[in-house]
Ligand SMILES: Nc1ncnc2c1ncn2[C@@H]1O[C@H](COP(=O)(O)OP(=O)(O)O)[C@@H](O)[C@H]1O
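One chain follows as structure tokens, the form predicted on its own.
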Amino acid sequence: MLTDSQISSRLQTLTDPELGRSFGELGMLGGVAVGPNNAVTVTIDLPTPAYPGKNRIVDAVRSTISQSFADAGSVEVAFKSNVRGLNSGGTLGLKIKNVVAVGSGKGGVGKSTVAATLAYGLKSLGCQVGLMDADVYGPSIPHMVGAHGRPVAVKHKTSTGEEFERIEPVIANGLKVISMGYFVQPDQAVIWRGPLLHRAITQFLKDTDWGELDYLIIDLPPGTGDVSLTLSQMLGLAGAVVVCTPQQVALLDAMKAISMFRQVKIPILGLVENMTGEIFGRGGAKNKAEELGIPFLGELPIDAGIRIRGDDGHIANLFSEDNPSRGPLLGICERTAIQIARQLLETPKMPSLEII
């Protein structure tokens, strides 16, 4: 008769196909149960619901058990997930496991589209996600997500009875969203110098009732300006996703964004090539990522359906089953999430912070 401990001991040494370390080292073996006829049920505790290619784990577990235990019966593999993170609240005391910045070296490359689809994609895969539009001068997220109205401030009390206010984020198809676009008229220009910009970003983070999140996606303004420096000083970011189009002139600007993130000590999660196709070409970002030794997260095709859904405020619908671009979009989300998990293996855990 097989025992749980026998199989558990063997599986602890099995290497995870994505993270390259043993299940024992990663704490991913959630449990083993041996039932009648030596039927085995194995539970794997994934580091994110967005883990790509779970079938590879299933195949590896079944192969290992059948080769190691000749009398083993059927093998079932179940999954649960527990998103791991840096406790990225920094000095702000936020209950957010991972903060991800989405940036580019220039405007017009689809950075906001990638940020919004990354947020909705992770949500569709079972994660708790928020989306913050930090592009104060050109906030486009409210239009893309199709949610309007002015956020309201709600009073709360601390355990000692002191009152404080939190801004309730706008809920867009189940996603928590905050943007300067909710506080100004659509045709109103925001004409601010650096200190006011810093204050706005701080309020969006500190004074918004984000609740508990697995991921907060931040859509940065184009270029290399104050916002990235502000974020690097306030938060322990899980990393940055850099967006560019395939042509060489766009890659030159993406290089500046990568240089900026490196200078402010924000890890580079990888490059996304947007608008891939006949017009702008293909493969430029992938080649540049290989040259720089950073991950390539995937391509987004130059698809009219993506543009139409963004213009109509229905970008959440990109993850409907009938969307031909759904596969590439989900692939980028999964590769981003697993890259964060890899990054955590190399980063010391931040101390827990007291939450108000």
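Position 1 is the first residue in the sequence shown; the rest follow in order. Only a predicted model underlies this, so the values are computations on that prediction, with no experimental measurement involved.
Just so you know, the form predicted in complex with the named molecule exists too; it's not on screen, but the next bit is about it.
Not one of Leu125, Gly331 and Gln339 is positioned with any heavy atom within 4.5 Å of the named molecule in the model of the complex. In the model of the complex, the named molecule sits beyond 4.5 Å of every heavy atom of Ala289. Heavy atoms of Ser140 reach within 4.5 Å of the named molecule in the model of the complex, making it an interface residue. Taking the partner from elsewhere, Lys111 is found to have a heavy atom lying within 4.5 Å of the named molecule in the model of the complex.
Taking non-hydrogen atoms only, Ser179 never approaches the named molecule to within 4.5 angstroms in the model of the complex. The partner is absent here, but in the model of the complex a heavy atom of Met144, alone among Leu205, Leu118, Ile266, Met144, sits within 4.5 Å of the named molecule. Only one of Ala60, Leu29, Ile294, Ile306 comes within 4.5 Å of the named molecule in the model of the complex through a heavy atom, and that residue is Ile306. Only one of 247-255, 227-235, 101-109, 163-171 places residue heavy atoms within 4.5 angstroms of the named molecule in the model of the complex, namely 101-109. Contacts of stretch 265-280 with the named molecule in the model of the complex, defined by any heavy atom lying within 4.5 Å, are made by Asn274, Met275, listed in sequence order.
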